[in-house]
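First comes one chain, alone, set out as structure tokens in the form predicted alone.
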Amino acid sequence: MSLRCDVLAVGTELLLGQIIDSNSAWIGGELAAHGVDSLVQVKVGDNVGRIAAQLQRLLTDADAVIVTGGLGPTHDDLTREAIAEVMGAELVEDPAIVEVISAMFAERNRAMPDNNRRQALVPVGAAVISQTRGTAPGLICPVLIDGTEKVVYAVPGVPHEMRDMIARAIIPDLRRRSGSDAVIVSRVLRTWGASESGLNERLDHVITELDGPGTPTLAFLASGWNGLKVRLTAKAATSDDCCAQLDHWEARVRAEIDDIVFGTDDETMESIVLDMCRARGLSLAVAESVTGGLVGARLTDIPGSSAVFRGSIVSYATDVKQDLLGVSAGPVVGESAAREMAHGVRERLGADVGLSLTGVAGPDEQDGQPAGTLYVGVVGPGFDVVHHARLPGHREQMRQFSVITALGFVRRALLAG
């Protein structure tokens, strides 16, 4: 039986943006990995009525709901009260939980504050998930919705406490309830160089072929300056069966768009470029004007980048380009300047490959070039090229798009060289 489990994240701080809801994303991944469908994730503030209303709504369609957050000892931790309301059950203090929490405080030579007794309140009929990493226990709560038994799981919002309870108690309980050993596996193809609509058009007939029982699903995920992702998701009895499906359909997708696919899953353009340089024994240096150091920052975010990346010269001012990189007098946004910058940084930093970026982020034009103009120079063993691109967006978007665009040109040069 296919089981659906949705997610409800509780906390006003999530709605205000004070804390990013990473718990729901992690839970979704764990459910997928164990073959449990999860179709809806919701955030709600610290209010009993609103929490209960969202639980009721989710349980209308889902077989189970995981609630994360709102199990602390303070007055605004209201998840227990909301679940009890949905269950139509009374909250009763569990002496065993009080004893465990009290012992935790005693181990730290502290007395347990009386408000921690709130964490020992359990709806009648619920089972307790023992706490091993914090003071709040989790809950497994049967709920009757229109004559059908469903289940609500409550776990703390603290990530390491939540993850422990999900792995130790909730996933095993969900698998037992489903009676299924299905596995869901996704594979992401990372692309750059096409619009979302253009990508959709190129894959139209593949999407049509996938619109059938037992086939993977295909979705597009726009990731801004990290490119467009094409995600294939398969569901089967085993991981090997899923991977066999994904291998077949990845090949079908690549047959249509391989010219713009630069990586898979967690790979980024910067990690791909570093890997390609490392495999060829090449070092890389960057001269940045329009991006002001963003390329170097992205490269050095990758562990092990020091084996390839020599450094970056942020030559923002015209005289720095001329004095430090040997750029000739004249316009500094153009093909000639980009080429001279790439050669200059390659020589100055003793690198095998020189990359340069010069352009106009806006809002005003420069050297007669409109905002959004980018020139990229790439020089190295067997290649010496300059690319001209027009990028969309406001100033920050243009600068960020420049990073992946320029690194994409390095990748192409390395492939062709």
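Superpose the two forms; the largest set of C-alphas matching within 1.5 Å is the rigid core. Nothing here was measured: the structure is a model prediction, and the numbers come from that model. In this text, residue numbers run from 1 along the sequence as written.
Below: the form predicted in complex with a further copy of the same chain, not depicted.
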In the model of the complex, is there a heavy atom of a further copy of the same chain that lies within 4.5 Å of any heavy atom of S305, even though the partner is absent here? yes
4.5 angstroms heavy atom contact with a further copy of the same chain in the model of the complex for P392: yes
Using the partner position in the model of the complex, report whether G263 sits within 4.5 Å of a further copy of the same chain, counting heavy atoms only. no
Taking a further copy of the same chain as it sits in the model of the complex, is R175 in contact with it (heavy atom to heavy atom, 4.5 Å or less)? no
Please tell me whether the candidate spot formed by A25, G45 and T300 is one where all three residues come within 4.5 Å of a further copy of the same chain in the model of the complex (heavy atoms). yes
Please tell me which of T238, S197, S328, T148 lies within 4.5 Å of a further copy of the same chain in the model of the complex, judged by heavy atoms. S197
Heavy atom within 4.5 Å of a further copy of the same chain in the model of the complex, from candidates S271, S102, Q322, S186, belongs to S186
Residues of 262-301 having any heavy atom within 4.5 Å of a further copy of the same chain in the model of the complex, listed in sequence order: T291, G292, G293, L294, G296, A297, T300, D301
Flag for V10, CA shift 2 Å or larger between this form and the one not shown after aligning core: yes
Would the C-alpha of T373 be classed as shifted by 2 Å or more between this form and the one not shown after rigid-core alignment? no
Is I145 one of the residues whose Cα moves 2 Å or more between this form and the one not shown, with the core superposed? yes
